[in-house]
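What follows is a pair of forms of the same protein chain, given separately as structure tokens and numbered structure 1 and structure 2.
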Structure 1
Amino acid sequence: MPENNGKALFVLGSSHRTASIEVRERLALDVARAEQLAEDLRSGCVEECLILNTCNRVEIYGVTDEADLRPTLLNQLAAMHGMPLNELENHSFWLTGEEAVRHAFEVASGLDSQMVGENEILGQLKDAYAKASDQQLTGRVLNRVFQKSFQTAKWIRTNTGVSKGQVSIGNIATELAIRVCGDLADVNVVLLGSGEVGEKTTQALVSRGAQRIVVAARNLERARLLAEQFTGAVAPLEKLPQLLERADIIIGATSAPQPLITRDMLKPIMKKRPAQPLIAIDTALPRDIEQAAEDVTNVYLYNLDHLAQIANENLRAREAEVATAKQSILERAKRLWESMR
């Protein structure tokens, strides 16, 4: 393992590259569990720690002087998730030293994203770093790696066409809605969640002509602030069955640990509207809409994997830009790692 003054930099992770959406769902951490895990690691043999926990990846970046920490971490995570150790091993990856630096740079730049070039990941990584820094979980090594990763991401987005077309979950979800429904002006949209993805999805919908949007959320005050930006309506999640009776499109974007919409909920609702299809777009993980909901007549369910297919349809046209970005990252990671040894 490459070393930095006797300390080893590593990343243990699982993402869309190593795990199916079902496995990623099982490995997802809520905020409290992620924070507790980081503190547990920091109080153990991990000297610096940052956990990146998004809908498509759970990654633990750390610094340790342990010779081989991987088995210990895998056992700890397997026990936490109630998952057999060999299954977790099969769906995870382990990188060290310069490769870990390169990976952090590629994640920050959106090159490792399921939707290549998407913008949200940089904000999520900055948030994760800010929390870890505030909790004094990071130190000299991780501070330098992530500050450089943010600089690299800015260079990539400014100097290459990797993010051409403003790749984002909100934009892709809206493009899918337009493909299925056409003009959005007279379409009833119900948006679940008022967080960052919900906000950007709303902006994309409104910019493309959507006028009838209801934000349904647990936090009504935050939902109200979002709805005021486009003169939309607000409803509590308890009203979801009534909202579904009139919705043409429902978009899931919450951080709820369990599905909010199930097959059993939709069955009687769809019987009341046999001639009106429901387009269900789920951008959340854990998912807001139960997979079995696609079995209900006239329900057309799309998840993150479907959105990624749409996002990457034009990837061939950007392949040269991606290659340029990866070469730049390779050189930057090498320079940084050598300067830190």
Structure 2
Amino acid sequence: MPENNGKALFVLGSSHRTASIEVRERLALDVARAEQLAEDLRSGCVEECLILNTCNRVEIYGVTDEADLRPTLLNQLAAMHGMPLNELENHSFWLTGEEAVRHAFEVASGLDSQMVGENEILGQLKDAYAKASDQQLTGRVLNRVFQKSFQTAKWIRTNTGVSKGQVSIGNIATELAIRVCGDLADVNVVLLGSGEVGEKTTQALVSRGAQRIVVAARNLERARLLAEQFTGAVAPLEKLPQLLERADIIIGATSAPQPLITRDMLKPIMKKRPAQPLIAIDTALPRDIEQAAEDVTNVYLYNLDHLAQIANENLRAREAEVATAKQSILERAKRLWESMR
């Protein structure tokens, strides 16, 4: 393991590169559990710690002087998620030293994202860093790595074409909605929850003409604030069956641990409106809409993996830019790691 004054930088993670959407659902951490895990690690044998917890990745960055911390961490996570150890091993990655630095740079630059070049991840990483820093979980090594990773991300975005003509989940979802519904002016949009990606997706729909928005959530106060942005209405989640009967577009963005919309729930509803197609964009993880719902006639269901697949197909033209950016990151990571040794 490459060392830094006797201390090793590591990252243990699981993302769309190592785990399917089903496994990512099981590995997803809510805010409270992520905070608790960081505290536990910090009070254990990890000297510095930062947890990046997004819908597509759970990554633990840390600094330790333990010779081989990996088995301990894996055991701790396996117990936490109730997942067999070997399964967790198969769906996770472990990087150390310069490789961990390079990985942090690639994550910050959006090169490791499911939708290559996306901007959202930089904000999420900055938030995670700010939170860890406020809680004094980070120290000299992680501070340096993450501050440099933000600079690198900025350089990549300014000097390469990776983020040019960026495709976002919102734009992809809007294009799909137009292909199903046509003119968006007279469609009924139901936003479930108040997740950030769902909010951005709804914004994209509104910018393309959608006018009738209903925000359905458990927390009606938060839903009301969100609905005001779109001059939309608010409804409790209990009214979901009634909302579905009229909906043309459903956006899932809750943090519910179980699907809110199932195939069995959707089938009788779609029978009542057989000629009216429904497009369901599930931006939540764990998912809000059961995957089996796509079998219901006239339902078009897309989850994060699907949206990323479409986006990356559109991004293939930028493969040369990605290669340039990766080369640059490799050199920068090497320089930083050597300067820190």
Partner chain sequence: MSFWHDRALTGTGCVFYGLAFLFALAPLIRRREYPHVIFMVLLIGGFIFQSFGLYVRGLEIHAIPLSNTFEVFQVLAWFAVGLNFVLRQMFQLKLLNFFSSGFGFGLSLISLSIASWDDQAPPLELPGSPWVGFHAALAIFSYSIFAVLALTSLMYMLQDRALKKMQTGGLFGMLPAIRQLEVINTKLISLGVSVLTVAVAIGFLNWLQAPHAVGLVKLTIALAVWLAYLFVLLQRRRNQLVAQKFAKTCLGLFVVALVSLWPLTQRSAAYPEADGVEFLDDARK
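All values derive from a computational prediction rather than experimental measurement. When a residue number appears, read it as a position in the sequence of structure 1, where counting begins at 1. Between two forms, the rigid core is the largest collection of C-alphas that superpose within 1.5 Å.
- Only structure 1 of the pair represents the form predicted on its own.
- Once the cores line up, the CA of E89 ends up less than 2 angstroms apart between structure 1 and structure 2.
- The rigid-core alignment places the CA of G198 2 Å or more apart between structure 1 and structure 2.
- The two forms, fitted on the rigid core, differ between structure 1 and structure 2 by 2 Å or more at the CA of G182.
- Once the rigid core is matched between structure 1 and structure 2, the CA atom of E221 is found 4.1 Å away.
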